[in-house]
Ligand code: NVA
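Okay, so here's just one chain, in structure tokens, the form predicted alone.
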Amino acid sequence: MSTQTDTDETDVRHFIDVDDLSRDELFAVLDRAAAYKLAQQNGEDHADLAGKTLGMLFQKPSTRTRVSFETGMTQLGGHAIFLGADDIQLGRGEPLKDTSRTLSRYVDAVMARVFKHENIEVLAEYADVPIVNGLTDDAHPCQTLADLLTIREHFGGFEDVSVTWIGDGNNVAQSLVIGCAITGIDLTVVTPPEHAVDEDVIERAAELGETPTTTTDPLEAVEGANVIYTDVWVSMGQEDERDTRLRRFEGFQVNESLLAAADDPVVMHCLPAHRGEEITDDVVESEQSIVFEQAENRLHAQKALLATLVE
């Protein structure tokens, strides 16, 4: 795992994007996540972070991120503290670097869900404890951990698995590109030209050994796909672009007609879903949908990540 901060005694490891884990470390986190999932199902104790505290810093609201991290720390024997922007001094103008240095003296790790990616980088630069990226405008690596765990569960591994991302080249897509590159998944990304994945993300994937196929043709992109994955077309903070985005994404909806062009794929969505926009209600509720297994796996993957960083 890459190191961003040095302390007097040891290296502090952060998780800002998926490639902060090496391939071996990523697979070890997924193995541990699977073990935690089985332990929970069997009612077995796995309090590996007893006495530890996670600070959860939210500039953006969330359902899955907050509940999965808070529940995860409880199941690991620790404690989580919710810190909304209006609950702490950030809302009154305190610099992020001061917040980071102060929290480092109280908690054992910080999960931050923020808007600008540079904000998570500032937190990591000044922290003496692990910083976990719970989402930025550029990346959502915790979602990718859950996605990879879900794909591995369903297909028994990553070899010969073909994934098609359809829709917006957003933060979820960009972390997925990196995760697929590390694991060797064959990824196709299909977006309108105006909403492609950032070129630097494609270059990072190439350096990791796997360059995704990119296209603007949804029907071509889903042919032969084992997994079709989508996300909302209008994310938080983009509401004023809604009408323009809906026009640009016409023809990119994941619906029964699109699925018919593939060979019996499973369907993923990181949620929340805008049913009737990027995906239809009947697809979400279909037997091909694994979106709720995917949502559950946020819990198990994040527990494994936290235990790896904090222990």
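Since the model is a prediction, treat every value here as computed from it, not as a measurement. One rule holds for the numbers: they count along the sequence shown, beginning at 1.
The form predicted together with this ligand is left out here; the points below concern that form.
- Of the candidate stretches 23-31, 267-275, 244-252, 45-53, only 267-275 contains residues with a heavy atom within 4.5 Å of this ligand in the predicted complex.
- With the partner removed from view, the residue among L103, V232, V227, A181 that has a non-hydrogen atom within 4.5 Å of this ligand in the predicted complex turns out to be V232.
- This chain is drawn without this ligand; in the predicted complex, the residue among T150, Q75, S162, N170 with a heavy atom within 4.5 Å of it is N170.
- Using a 4.5 angstroms limit between non-hydrogen atoms, V110 is distant from this ligand in the predicted complex.
- Contact check for M236: a non-hydrogen atom falls within 4.5 Å of this ligand in the predicted complex.
- Although the partner is absent here, L135 is a contact residue: one of its heavy atoms lies within 4.5 angstroms of this ligand in the predicted complex.
- In the predicted complex, H140 is the single residue of 137-167 with at least one heavy atom within 4.5 Å of this ligand.
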